[in-house]
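First, one chain by itself: the form predicted on its own, in structure tokens.
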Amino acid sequence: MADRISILFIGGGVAAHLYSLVAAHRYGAKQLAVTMVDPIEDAPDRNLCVWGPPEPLLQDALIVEWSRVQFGYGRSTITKELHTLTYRHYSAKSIRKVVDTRMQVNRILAHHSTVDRQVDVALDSRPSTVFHRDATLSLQQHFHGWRIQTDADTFDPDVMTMMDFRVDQSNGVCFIYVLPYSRTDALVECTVFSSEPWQKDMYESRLSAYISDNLSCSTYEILSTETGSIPMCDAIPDRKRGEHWFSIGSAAGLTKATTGYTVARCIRDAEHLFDTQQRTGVWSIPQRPSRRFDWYDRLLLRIIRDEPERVPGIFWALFNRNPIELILRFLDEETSLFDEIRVFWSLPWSPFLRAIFRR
């Protein structure tokens, strides 16, 4: 029998559990010795979403999925069929539960700053401190949401709302995000792109107005709340922290700067990391996607910073004028240059031309 692979995770969050699942799939759970060091014992109550084809690795962690997505702008809405794709909802707790079912994890409740030379690889999800490129743009995607129970049928359980801009756009780019669990139960979230998080009452005034005006709902109970903030910046961290010691997750720059989505990017990164090691015997950092995607993100971040009033129209054009599969592949950085020319041809040009010359 081959030697076991020992993996030390510094930080026991979502990224560590995603990489553990990929490692178990590649090597076999019995061939792994996994240790997670984290000062927090319980998994955070975080909602996580991803689009794409079925993901067998996370099937047991799935909470709900949708086959159609909706967008709103001005006085219009559009609903797009995802066809072979779905939009899927997991949580930090559901993913951790799958890991604990499939494999043995040695969990150590502590802060950790050094790496034992005896482990094969150390994967670190703590914030990076060394960068190949420091941030020149730094915004936040911040949000506050209510999970509500309504008295009457209000939601279509087959349709999630990805971006609805039919809300007050003062103080940042604002849209509503809706994850329905039944006709009377949904997470309704106010999401904002701006430089700083808001006070709670600013989110809640928009939530109340949206539920009343756009969902035509006057009576509901708030079951729970969710609040958070995700950095939107163009920094490129140095992932190598030592010999066989690498950053993962958001610390590795795997959160897409313009969307905040991380889960699918972590899975692809882990697959590359472990596949390369199996093939070559060498632990190496996966290459970053093509630089052109980094440039696209920086242009949009400049527009969000300098011309936020143009952003709802740009996103509406993006989703209204293109096949949904193309846009989701574009956001996943899996399109060809020809595809990207097609996408940009559908958008208003002037904000992007101005952004090219701004810093």
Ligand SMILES: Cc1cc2nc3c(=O)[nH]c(=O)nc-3n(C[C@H](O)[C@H](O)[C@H](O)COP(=O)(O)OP(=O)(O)OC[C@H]3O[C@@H](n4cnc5c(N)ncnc54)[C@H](O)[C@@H]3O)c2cc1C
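We number the residues from 1 along the sequence you see. Remember, it's a predicted structure, so these values are computed and weren't measured experimentally.
Although it is not shown, the form predicted in complex with this ligand is what the next lines describe.
J.: Heavy atom within 4.5 Å of this ligand in the predicted complex: which of Ile304, Leu318, Cys49, Val34 fits that? Just give me the one.
T.: The option sitting close enough to the partner is Cys49.
J.: Could you work out which of Gly172, Pro180, Gly72, Gly260 is the residue within 4.5 angstroms of this ligand in the predicted complex, going by heavy atoms?
T.: Looking at the other structure, the residue within range turns out to be Gly260.
J.: I'd like to check something about Pro351: if you look in the predicted complex, is any of its heavy atoms closer than or equal to 4.5 Å to a heavy atom of this ligand?
T.: Output for Pro351 is no: heavy atoms all beyond 4.5 Å of this ligand.
J.: Report whether the minimum heavy atom distance between His112 and this ligand in the predicted complex is within 4.5 Å.
T.: Close contact exists here: in the predicted complex, His112 approaches this ligand to within 4.5 Å, heavy atoms only.
J.: Applying a 4.5 Å heavy atom distance criterion, does Pro323 contact this ligand in the predicted complex?
T.: So Pro323 does not count as contacting this ligand.
J.: Does Arg126 reach this ligand in the predicted complex, with heavy atoms at most 4.5 Å apart?
T.: The answer is yes: Arg126 has a heavy atom within 4.5 Å of this ligand.
J.: If contact means any heavy atom within 4.5 Å, which of 247-255, 155-163, 180-188, 275-283 contacts this ligand in the predicted complex?
T.: Of the options given, it is 247-255.
J.: Give a yes or no on whether every one of Leu21, Pro56 and Leu62 sits within 4.5 angstroms of this ligand in the predicted complex by heavy atom.
T.: Checking in the predicted complex: none of Leu21, Pro56 and Leu62 is within 4.5 Å of this ligand.
J.: Looking at this ligand in the predicted complex, which residues in 268-306 have at least one heavy atom within 4.5 Å of it?
T.: Nothing in the stretch sits within 4.5 Å of the partner.
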